[in-house]
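In the block that follows, a single chain appears as structure tokens, in the form predicted alone.
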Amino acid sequence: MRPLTEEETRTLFQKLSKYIGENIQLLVDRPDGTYCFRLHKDRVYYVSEKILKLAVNISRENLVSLGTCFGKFTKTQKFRLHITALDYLAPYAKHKVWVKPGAEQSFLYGNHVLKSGLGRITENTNQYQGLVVYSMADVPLGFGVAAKSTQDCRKVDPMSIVVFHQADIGEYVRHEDTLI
């Protein structure tokens, strides 16, 4: 377990800023203490400094996980966000999309969101902008990337893809052996 290098921190913050904008500062300086990001076996963990001080006593070989896994670095040093970060990113999301009840199950099985399943979308969402996907009952379901801008969504055919699937809470069941 080690701190992130400057390049890794930049890559992580660029990915997070696609979803939460400038609110990254709110993740680190929280009212309940200071939190930081640590790298362990190519995975980035979000952990409180209190727990971090206690974990120093555990050897790297014996440490399985620490804090909340936000994602992992691929072999090409790109950062892939995991669904475990959803609870921390959803309250700070700049752009959101709500899906209709009929499209929820399709999204949770790993499919993209079609225009026919789109309930609402935040104004001024650009194409390829990071989104947090919600149910109509305001329950966060996952992450996506806008395939079309807000203005384009109004004009497209009902079977067009409007949100590309990135991650969803169904991954807890589908990929339970590889999430940690």
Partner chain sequence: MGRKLDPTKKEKRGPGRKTRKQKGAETELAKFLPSAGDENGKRLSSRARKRAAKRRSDSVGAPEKKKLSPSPKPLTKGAIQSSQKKGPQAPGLKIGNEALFGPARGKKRPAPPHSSDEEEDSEGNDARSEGDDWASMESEDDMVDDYGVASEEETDEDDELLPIEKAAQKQRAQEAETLDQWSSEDTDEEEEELSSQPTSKNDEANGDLQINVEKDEKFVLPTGKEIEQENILLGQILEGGAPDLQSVHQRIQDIVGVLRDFGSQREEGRSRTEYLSRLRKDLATYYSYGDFLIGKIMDIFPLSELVEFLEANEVPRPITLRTNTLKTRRRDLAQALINRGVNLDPLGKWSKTGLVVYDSSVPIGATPEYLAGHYILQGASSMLPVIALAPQEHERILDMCCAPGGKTSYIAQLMKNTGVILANDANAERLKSVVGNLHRLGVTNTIISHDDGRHFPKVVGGFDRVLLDAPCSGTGVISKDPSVKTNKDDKDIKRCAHIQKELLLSAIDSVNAASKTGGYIVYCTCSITVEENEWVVEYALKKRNVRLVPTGLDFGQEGFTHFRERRFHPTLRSTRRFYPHTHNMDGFFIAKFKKFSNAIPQSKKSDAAANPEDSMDSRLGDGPSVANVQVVPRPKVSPKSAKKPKQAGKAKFAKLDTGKAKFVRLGTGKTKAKLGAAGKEKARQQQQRPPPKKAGFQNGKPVHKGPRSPTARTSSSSQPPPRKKQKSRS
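Numbering follows the first chain given and starts at 1. Only a predicted model underlies this, so the values are computations on that prediction, with no experimental measurement involved.
Note that the form predicted together with its partner chain isn't included here; everything after this is about it.
S.K.: Do heavy atoms from each of I51, G67 and L108 fall within 4.5 Å of its partner chain in the predicted bound form?
M.R.: All three within 4.5 Å in the predicted bound form.
S.K.: Just checking whether E6 would be counted as a contact of its partner chain in the predicted bound form - the rule being heavy atoms within 4.5 angstroms.
M.R.: Heavy-atom contact with its partner chain at 4.5 Å: absent for E6.
S.K.: Verify the contact flag for A55: yes if a non-hydrogen atom of it lies within 4.5 Å of a non-hydrogen atom of its partner chain in the predicted bound form, no if not.
M.R.: Judged by the heavy-atom cut-off of 4.5 Å, A55 is in contact with its partner chain in the predicted bound form.
S.K.: Hey, in the predicted bound form, does Y172 get a heavy atom within 4.5 angstroms of its partner chain?
M.R.: Looking in the predicted bound form, residue contacts with its partner chain include Y172, since a heavy atom lies within 4.5 Å.
S.K.: Look up in the predicted bound form whether V139 has a non-hydrogen atom within 4.5 angstroms of its partner chain, and give yes or no.
M.R.: Looking in the predicted bound form, residue contacts with its partner chain include V139, since a heavy atom lies within 4.5 Å.
S.K.: Using a 4.5 Å cut-off on any heavy atom, which residues of 69 to 94 would contact its partner chain in the predicted bound form?
M.R.: Heavy-atom contacts within 4.5 Å come from C69, T84, D87, Y88.
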